[in-house]
Structures are given as C-alpha cells and as structure tokens.
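Have a look below at one chain only, the form predicted alone, in structure tokens format.
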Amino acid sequence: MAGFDRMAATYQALELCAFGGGLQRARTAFVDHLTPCRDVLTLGDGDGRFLKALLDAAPDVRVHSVDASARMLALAGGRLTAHQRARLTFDCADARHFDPGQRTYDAIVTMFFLDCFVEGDVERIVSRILPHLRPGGLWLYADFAIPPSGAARMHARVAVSALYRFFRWRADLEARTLPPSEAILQRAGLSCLDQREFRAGLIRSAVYRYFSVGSTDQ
C-alpha cells in the first residue's frame, strides 16, 4: 500500500473531517485487552495513532509494526518518546508478502486495514500471519461494515462506495468492495469475545481469541 505515501501528510485531517473521532474510538475500543501482552504485531497501522495508544496503555509491551508506506511509518515514529521507540520494531513491507520468520506474538492488530484488500488477499494474509499468533492470543480488529437492513444499511453502502472511489484514486487500491474479513477470521479458528458498533453500524470494532487446533478451551 505504498500509495498511502501520497496521503500521509493529510491522512489524519481527512479522517477527522469525515468521521470526527469515530475511527480512533473504534481503534482503541479494546486496547485494554492488550495491556498484559508482551509481543504484539500491528499490520497497517498507518500514521501510528493506535500504536501510540497501545504503547501508552501497556508499558511492557514490545511492538512489531508493519506498513507498506514509509511515510506513514515515519509519522508513527514521530509520535513516540525515545523510550517507546526502544520497544518498537518497524518493517516497511506489504503484508501480503511479509514473513515474520520465527517470531510469535500474543496479539495481532488490524485497524482499518483488511478493507484495503480483495477477499483472496485477506485470506492469504490471515493464513500467513495466524500461525505466528500464540494459542490463546488475541486479534484486534476494526473496520467499516454494512448493517443488515434499514436506513443504516443504505447509508453505509453509499458511504463505503464513496470511500472506495476516493482511495482507488488517491492510494491505488485494488479493492472495490468490503471483503468478508470477520468471516475469514472466524473460519481460521478465531472466536469473537466482544464487539462494538459506531456510526449506526458503519464502523465495527471486535476482539477475537485464537484457539489452537485441538484445544478444549473454547
């Protein structure tokens, strides 16, 4: 998603104009679940507002932050204290091809990220990254959603369509519609512990737990 380099300087201002603080509330809705974690992987955190909230909330956490935009990573680093940067590893990489190597994590975070991809790419990202999540680990998720019915559904369809047109123009996104990201996470063995909705269901935040194959703790 190197196309986000072009948007890095104005990304936060555009978000605030469109959604106020709604997206940040969704990002941080379950950050308290990560306070006991020691190792966390964030994918596509962009300009680092969730990263800053996590490092503030969890003084012992070590974070591996992966983003395809070098400019977004630079903005994220600029938000942090020297002590926080010492607990952080940045990787400028496309999540579709990123290999964590031998690393494993207590939690994985995707905030307004999986919606940037077509369904097949989301499946590949999840299948590539999930083996590096320790059994019992968490997956924090936030993204746009289409409510099931009513005026909220109509409003969300218009809003999401407009967002995709804008980001195809500015960031060269291939995706044109929301992928079924939560269904993909659930098929992969993640169970939803809690979820919240914002803006009449247009925005969803959820926390999932991963149970290893054969676990009896579900």
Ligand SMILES: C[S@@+](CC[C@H](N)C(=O)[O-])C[C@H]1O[C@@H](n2cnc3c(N)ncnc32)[C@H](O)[C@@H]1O
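Counting begins at 1, following the sequence as shown. All values reported here derive from a predicted model rather than from experimental measurement.
Just so it is clear, the following notes concern the form predicted in complex with this ligand, a form of the same protein that is not shown.
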| query | finding |
| --- | --- |
| Heavy atom within 4.5 Å of this ligand in the model of the complex - the one residue of V126, C116, I146, L80 that qualifies | C116 |
| Partner proximity in the model of the complex: A107 to this ligand, non-hydrogen atom cutoff 4.5 Å | no |
| Contact test in the model of the complex: M111 vs this ligand, heavy atoms, 4.5 Å | yes |
| A68, heavy atom within 4.5 angstroms of this ligand in the model of the complex | yes |
| 4.5 angstroms heavy atom contact with this ligand in the model of the complex for L130 | no |
| Candidate stretches 55-63, 175-183, 150-158, 37-45, one within 4.5 Å of this ligand in the model of the complex by heavy atom | 37-45 |
